[in-house]
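Only one chain is given next, in structure tokens, and it is the form predicted on its own.
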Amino acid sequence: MSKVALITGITGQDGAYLAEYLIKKGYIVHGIKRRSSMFNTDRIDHLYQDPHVENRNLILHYGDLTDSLNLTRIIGETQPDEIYNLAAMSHVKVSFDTPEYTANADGLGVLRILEAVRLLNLIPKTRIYQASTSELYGLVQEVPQKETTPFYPRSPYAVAKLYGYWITVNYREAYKMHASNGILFNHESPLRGETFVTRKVTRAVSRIALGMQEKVYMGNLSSKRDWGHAKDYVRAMYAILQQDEPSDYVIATGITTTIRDFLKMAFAEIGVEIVFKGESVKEVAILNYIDENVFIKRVGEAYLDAFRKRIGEEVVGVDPQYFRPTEVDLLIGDATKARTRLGWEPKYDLNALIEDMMLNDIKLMKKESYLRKGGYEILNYFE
């Protein structure tokens, strides 16, 4: 008999990678997605199966973490062996604008899942993974951060996730649930949402290289993050639920990088050197040098002449509207526990991650450019 997994947030970056990973392992995967007038399933379209196909291994359900009756019904119908709660209002900056919804979905949503499992008498059967976050550490009390580091959340998103973390621990201890938290540090990929800083960077650099955009505006360039690849991190999620005993794990690379350096590395991927000048809101990055061979290989010779003329121009600026009311300046994780207990090691380093994202976004932006020019007849070239 195939194991059954239920993934909330299956249409997101992590949900898509995890669904593919579990299906390859022989799971039947049920996914919960919010109702929308648009399909919003791009990330899992390659896994989709027509509802009329027998013995499907991917089945989607409409649902929302704010609707307890709906969640209880889905969990009761699917009888999952494993639940991966990946759904959330996950944009930190936006959480300041929608604090009540964020608390409802990211905090109480976790409680609704745990309580559904309890009320349905599924505790002996169902294991639960709760997607926690490095944002819990906020104003960091220790460097690097590990499982025993005190939390100090600095956003409505992080505060809501803090409730989700502790209610998971509480249900584990009170009802002997196999419920675990994965405290995941920043993990990115070509599937990352376009409003997240890493994807914003790789899209913007690609568009600048193709002549589609003059400049990108950023927030705090000095913020430091521990960035890994989402493909590595979903392997850790799975490993956490395969343990005999539930526990909480930090998943991180142990290397921290500023957003400023991430920008430099993204431009370097297309053979371009940028130099930062100025301070605070007046800081800018200027095109300084181009390795034409690398540029041609990554972007294409057709774009070289126009880009060469831009040497000396500004391509990065700072806009205060992207600052958070309370900033998180430094995150770097210590994943020793995951390495020793789970045997988990990341396969991607930051260079490989940025290469993966840049190659993807250059291809996507070329498609967009040709569509704007009416070049529908040559789109098959990019498939």
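If you're wondering where the values come from, they're calculated on a predicted model, not measured in any experiment. Counting begins at 1, following the sequence as shown.
If you look for the form predicted together with a small molecule, you will not find it shown, but the lines that follow are about it.
Exactly one listed residue, out of Ser180, Ser90, Thr126, Thr256, brings a non-hydrogen atom to within 4.5 Å of the small molecule in the predicted bound form: Ser90. This chain is displayed alone, yet in the predicted bound form one of Val316, Ala338, Ile332, Val328 has a heavy atom within 4.5 Å of the small molecule; that residue is Val328. Only one of 204-212, 271-279, 217-225, 166-174 places residue heavy atoms within 4.5 angstroms of the small molecule in the predicted bound form, namely 217-225. Contact with the small molecule in the predicted bound form, defined as a heavy atom within 4.5 Å, is made by all three of Tyr157, Phe196 and Lys200. The closest non-hydrogen atom of Arg324 lies within 4.5 Å of the small molecule in the predicted bound form. In the predicted bound form, Arg192 approaches the small molecule with a heavy atom inside 4.5 Å. Although the partner is absent from this view, Tyr137 stays clear of the small molecule in the predicted bound form, with no non-hydrogen atom inside 4.5 angstroms. Contact annotation: Thr78 falls outside 4.5 Å of the small molecule in the predicted bound form, judged by heavy atom distances.
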